[in-house]
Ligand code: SIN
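Quick heads-up: it's one chain on its own, the form predicted on its own, in structure tokens.
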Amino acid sequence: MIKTDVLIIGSGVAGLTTALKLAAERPDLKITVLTKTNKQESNTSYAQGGIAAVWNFDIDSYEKHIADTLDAGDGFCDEKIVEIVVKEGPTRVKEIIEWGTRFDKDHDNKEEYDLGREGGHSENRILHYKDLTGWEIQRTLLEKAKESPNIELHEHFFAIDLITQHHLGYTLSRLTPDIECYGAYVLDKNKDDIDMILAKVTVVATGGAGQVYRNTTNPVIATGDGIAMVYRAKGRLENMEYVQFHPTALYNPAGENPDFLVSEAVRGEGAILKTKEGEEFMQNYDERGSLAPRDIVARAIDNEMKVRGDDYLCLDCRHLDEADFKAHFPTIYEKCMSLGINPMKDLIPVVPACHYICGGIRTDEVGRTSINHLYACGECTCTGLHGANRLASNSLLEGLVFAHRIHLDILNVIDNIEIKEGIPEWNADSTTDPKEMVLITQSWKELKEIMSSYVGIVRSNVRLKRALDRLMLLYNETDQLYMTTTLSPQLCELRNLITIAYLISRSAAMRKESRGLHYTTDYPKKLPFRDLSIL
């Protein structure tokens, strides 16, 4: 058993920022941060484009950023949350700059930042570090964490389930009032043993779930663990049907996981989407052309590929300045060249790939979930900021703003919370080692095919029903394995991904309209808003 004041599950921008702020103000608190692989591996590290914040008030304003966010969210954002994030965002960004985060400076004026622009933004407001912005922020946070003696960062700790009254023998449902979180059961992969970590408060910051699809820009760790754990704990989720597909993942016929992302910032610099024959097409779908919001661009590419029978479309960067391109996008340039594609001479082949989950654990304006003593932050949440479609580069901003708000609320309540006693240890009786790993790996492949074929960019009632029917078979098979074999990270991740797939599919089937990222051929016109928040 491990006892701690604060348990944070996840070591990306959301989790580490929360930990750092708590550690700075309360050196007496023991703060335990878990990551299921190594500390550098997180969704944050893979963020290329940048972080959106109103920076140059001579040309930009809070009102413009708010309007852009609401427009991208297709009428589904919480306007209060949008205002909070946009207005508090610049202060939070200045803090990580003070901690050591580097952003690119303007070529002509080294005192000013080089502000980029991405789809859906009306002004240049994206701060970036080459095409490695997330990596740079992750580097800064990890360096800062080394300075905090009361932060314990445990690598290779896989959270299995949140501990609630259920583990004390109570029957809980989603309507049960005052469910409480006492910590989590965790698989220590270093010892191959299951620990019980008890905490006064717990923060879920586990990132996204892109691995539920065959093609995704998310790292292999993005298996929706936090969302699935909160769902099993009877917590409230929202808007799981809104899955964002990034329009421009690099097409690689050899296949790779994750798909390599060609940042939206490339289009912000002037790159243009074209067919294989070199013809522009986005003007047929939106007056903003290649810089339309992601849901529109991804659907347009998907439609063009189906109509033309092509495996990919193209991004034209040949007219851009070569020196600037290499300076701004060194990783993208090197990746393309490694595949025999010269961005300055060749069209870059691109396809849409799963990129971001806009739904997730429902939180309030300070990051509290529907379960007492449990907070959530980052991509695993549904704060109300993104609505039906996330505006580019708003995700890192959301993580910073809510990490700050969560730490303030924790400081207000933690001294009045006691660590729960009498929690039983994990029971692994009557389980055996799995005899065939192929049962897990094959189910994972089937899951990805089901979601990619039936619950992708364009959906229908028939496809969704077929997905739900097949997911039920996979669920039953995997649940049997879970109940009878010793646990492994692979089995737990499969179990979580099947839960995520079910939640996305069921939510999509319930929404009888096309809105934002959810497009169904059975309801092509928008219908009045309906509250589908309780799953």
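What you see is a predicted model, and the numbers here were worked out from it, not measured in a lab. All residue numbers refer to positions in the sequence shown, first residue = 1.
Below, we turn to the form predicted in complex with succinic acid (SIN), even though it does not appear here.
Using a 4.5 Å cut-off to succinic acid (SIN) in the predicted complex, each of E118, L261 and E264 places a heavy atom inside that distance.
Taking the partner from the other structure, succinic acid (SIN) in the predicted complex has a heavy atom within 4.5 Å of a heavy atom of A392.
In the predicted complex, H246 approaches succinic acid (SIN) with a heavy atom inside 4.5 Å.
R92 falls outside the set of residues with a heavy atom inside 4.5 Å of succinic acid (SIN) in the predicted complex. Contact check for Q48: a non-hydrogen atom falls within 4.5 Å of succinic acid (SIN) in the predicted complex. Residues with any non-hydrogen atom within 4.5 angstroms of succinic acid (SIN) in the predicted complex fall in just one of 278-286, 173-181, 392-400, 77-85: 392-400. Only one of the listed residues (R125, H407, R459, R294) places a non-hydrogen atom within 4.5 angstroms of succinic acid (SIN) in the predicted complex, and that residue is R294. For the stretch 341-380, the set of residues having any non-hydrogen atom within 4.5 angstroms of succinic acid (SIN) in the predicted complex comprises only H355.
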